[in-house]
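Here you'll find one protein chain in two forms, each presented separately as structure tokens under the names structure 1 and structure 2.
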Structure 1
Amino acid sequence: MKGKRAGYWLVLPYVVFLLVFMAYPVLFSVWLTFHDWNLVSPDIPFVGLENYKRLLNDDLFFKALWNTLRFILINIPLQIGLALILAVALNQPLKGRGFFRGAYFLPVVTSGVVISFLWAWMLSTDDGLINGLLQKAGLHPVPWLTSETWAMPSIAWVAAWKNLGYYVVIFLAGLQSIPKQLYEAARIDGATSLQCFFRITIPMLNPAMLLVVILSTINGFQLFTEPYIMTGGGPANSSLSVVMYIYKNAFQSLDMGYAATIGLVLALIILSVSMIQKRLLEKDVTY
């Protein structure tokens, strides 16, 4: 009995933390979707399903959702491809391997705000480093952040560069768990390096691949810092993300009920997409 009581006391801080900082905000947000609140007024009138009806007729929300999906479609293949290539390279017995592993992880632990300001300067149309190099090579400058065509791909590249090290670590862990005997047996049978990569490495990395795809998708739907700092959502809302739209409604328009509604819908979208990805990709996973 004393052991049970001691256990209850040990888990109590976590239960309190869970209730106060996770369960209560979620339930309050759901409750807020049925109300109209400007954050400062003590009156919070009940509006029923009005926020949901407004959402269905909000063209800007669907534009922000499309922008976010476009970001994910560019960011995930780019991120996974680069992370896989680097992980395979860093898994080889190369000189200075420890240094490169640390160097590629450095952007992950660097502030997203700092990285966004740095890349905003590098991608600047007039005096940016990238366009300076292009002009020295005899090419025309590209409006990376001021063009509706280039703004979101530029942001996708910066986000991929920042998070690359995190996914390299996941792939490295997956690569190091593959038994070397598989490669030795394949070599004896005459398999080339390319055949070993596609017949052994890729199938054995499926659990890591599933994890990376789901994490990348969730992170992609939460896009905020890069477009907020680098483009402000422009030009013409072409880089406005859903989370940025929530922020604008909540803290610029002080429309907390509508912001909570968008947030709840976004959470349901993330949950649905993650479950679909898990169902589709888990078929090929062997643990």
Structure 2
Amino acid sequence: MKGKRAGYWLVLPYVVFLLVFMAYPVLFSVWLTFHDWNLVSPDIPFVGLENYKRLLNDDLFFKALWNTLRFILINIPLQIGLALILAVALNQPLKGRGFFRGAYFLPVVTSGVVISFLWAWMLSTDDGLINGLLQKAGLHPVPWLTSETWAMPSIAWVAAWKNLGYYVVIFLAGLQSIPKQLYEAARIDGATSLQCFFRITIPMLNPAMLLVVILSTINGFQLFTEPYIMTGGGPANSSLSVVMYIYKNAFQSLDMGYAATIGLVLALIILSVSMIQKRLLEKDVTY
């Protein structure tokens, strides 16, 4: 009896937080999508599905969505390819593994603000380090952040660079859970290292691979800091992300209802990805 009451008191602060700063905002968000409000006006007219109709005809929204997808499609292969190489190398019995792993993880703990400014400088067309090196090698400088072709790929590279260490750790855990006997048996059957890699390592890493794909997808849909700082969404909106577009609608145009509608659609996309993640991971955890 005493334990029961203590239980309620102990969860009370967290429940209050949940109700005030989670549940209420979610409901409020949904309510907002059916209204038109500029935050200052005292009346908030009900507009039905107007915001959703507008969304379906909004080229800029679809551009932002496409940009975000493009980001994800470049980002994922980069993450998987590079993280896999580094994780396989780290998985060998070598000296200094701790040091290397620590170095790879450094960008993960560093603020996105720091990394965005650092790379904005390194990638800047006239005075950046990367173009400086290219010119030393006798190549032409590339307008990394100021051309429609290169802006989003550059941002995708920076985001990959920031999170790579995190995915190396995931792959490393995956590699270490592969039973050694599998390799020994394959060796006895005369398999080469390459065969072992493609027939054992890659298939056994599937769960980790899936986790990386899903986490980078969820991360990708939340992209904000890098384009906000590095390109401002430009040039010609070629690096405008969905979250930046919400931000612009809500806090620059004060179009709260419409911004909430985009937010809800984005949340539904992310939620479905998370649901798929939960399903697949639950299935794959036992191996």
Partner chain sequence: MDRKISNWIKRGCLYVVLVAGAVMFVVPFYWMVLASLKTPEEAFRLDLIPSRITLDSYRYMLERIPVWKGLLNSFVFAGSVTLITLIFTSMAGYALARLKFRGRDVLFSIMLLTMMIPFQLLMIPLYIIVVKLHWMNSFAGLILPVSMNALGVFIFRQFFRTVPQELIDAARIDGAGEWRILFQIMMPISKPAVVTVAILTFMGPWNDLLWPLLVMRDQELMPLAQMATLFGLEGQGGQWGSIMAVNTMLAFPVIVLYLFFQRYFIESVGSSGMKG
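These numbers were taken from a predicted model, which means no experiment stands behind them. Sequence positions of structure 1, starting at 1, serve as the residue numbers. Each form is matched to the other, and the largest set of C-alpha atoms that superpose within 1.5 Å is called the rigid core.
Note: the form predicted on its own is the first of the two, structure 1. Residue displacement note: Ile44 has its CA displaced by at least 2 Å between structure 1 and structure 2 (rigid core superposed).
Its Cα shifted by 5.3 Å between structure 1 and structure 2, Met275 is reported here after superposition on the rigid core. Summarising the core-aligned comparison between structure 1 and structure 2, the C-alpha atom of Leu18 is found to shift 3.0 Å.
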